[in-house]
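Just the one chain here, laid out as structure tokens, in the form predicted on its own.
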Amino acid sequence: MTADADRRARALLTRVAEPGDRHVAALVRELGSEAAVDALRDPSSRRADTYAARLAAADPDADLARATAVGGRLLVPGDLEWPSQLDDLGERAPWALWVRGAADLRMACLRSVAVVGARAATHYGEHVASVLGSDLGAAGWTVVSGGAYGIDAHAHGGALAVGGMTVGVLACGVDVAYPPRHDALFARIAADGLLVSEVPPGAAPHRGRFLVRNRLIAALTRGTVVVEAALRSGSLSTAREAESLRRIVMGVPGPVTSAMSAGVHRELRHGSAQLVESCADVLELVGGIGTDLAPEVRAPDGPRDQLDLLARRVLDAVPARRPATVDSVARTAGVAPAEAHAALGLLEIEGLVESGAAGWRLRRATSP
């Protein structure tokens, strides 16, 4: 079988069978793509009626031409551009992918993170998704999502805003805008990133295709970040797919009063996801060992944080209102008068205390 014949047969199968069809996948794996097509056409096959109508209408040459017309192509296993991490799906691996855009899919996904979440996202979730998308893009990582309203769109938009790479994995053809209001977004992704789908050009989205495509989002990437998700959110299926593939699953916490974060909180509480707050947190988990460490989060230093133990004890003994003598301060602090005198001099230089004719007291700006 020639490479062109294999590609044509696989193009036909994307029109005939639904993504993730295990029967067709098994035929391709056991017989090869052309023989799989012949097996589906065999009227004596017990499942012949399942595929007959679509086989009669399928025109792989027209689909390949339509893809070319919009700057697309069909990738099949064995192509240099085929992402080998899809093999982790085993029997659920796609037999072909339609791709639109000039970038190389395999190279784009070598350093990639999925950012997914609720369609009915809150302003908080949209902001977090945009910042994550832009920060990941600026750091040279590809943002992969599903092109939906809410979190997906803002993650894609954040990456595009900084000239970063983003990949939209669709449940419809790569030349179809769904939702329709995202036609401009998909055009930008096709121009500067990649659109990917298991179904051929012109194919409309079906409810089942959304859940099935989530396995691709999880498999293409090193980890999945769920920004917002209600308890029954479809984006949690991407997290479950990622977990089953031994990818890293991450969750961004939200307000405890927000139903849109309840699903994320459940994953965090059960230990199914690791808590992340920023791009740095994400890259520490998915990046190279020892090379993408997030800076330790700590409160900013205050004027008292750099003081040694003696100075702190003396400072605590200085009154806020009535001045006190050195001996009084030393007695309260439990130190020698000489030690108190030396410490008070340093504290005055630091602007924490002030002295007068009646003694020492805290500067008003530093009073508790």
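The first residue of the shown sequence is 1; numbering continues from there. Worth saying up front: this structure is predicted, and the values here are computed from it rather than measured. We call the rigid core the largest set of C-alpha positions that still match within 1.5 Å between the two forms.
Although not depicted, the form predicted together with a further copy of the same chain is the subject of the following passage.
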Ok, 157, 150, 253, 234: which has a heavy atom sitting within 4.5 Å of a further copy of the same chain in the model of the complex?
253
Contact assignment for a further copy of the same chain in the model of the complex, among 99, 128, 172, 165, heavy atom within 4.5 Å
128
All of 257, 268 and 276 within 4.5 Å of a further copy of the same chain in the model of the complex, heavy atom check
yes
Within a 4.5 Å heavy atom cut-off, is residue 327 in contact with a further copy of the same chain in the model of the complex?
yes
How about residue 178 - does it come within 4.5 Å of a further copy of the same chain in the model of the complex, if we only consider non-hydrogen atoms?
no
At the 4.5 Å heavy atom threshold, is residue 79 in contact with a further copy of the same chain in the model of the complex?
no
When the contact criterion is heavy atoms within 4.5 Å, does residue 262 count as touching a further copy of the same chain in the model of the complex?
yes
Within 4.5 Å of a further copy of the same chain in the model of the complex, counting heavy atoms only, one of 120-128, 67-75, 106-114, 85-93 shows up; tell me which.
120-128
Please state whether residue 338 has a C-alpha shift of 2 Å or more between the shown form and the other one, with the rigid core used for the fit.
yes
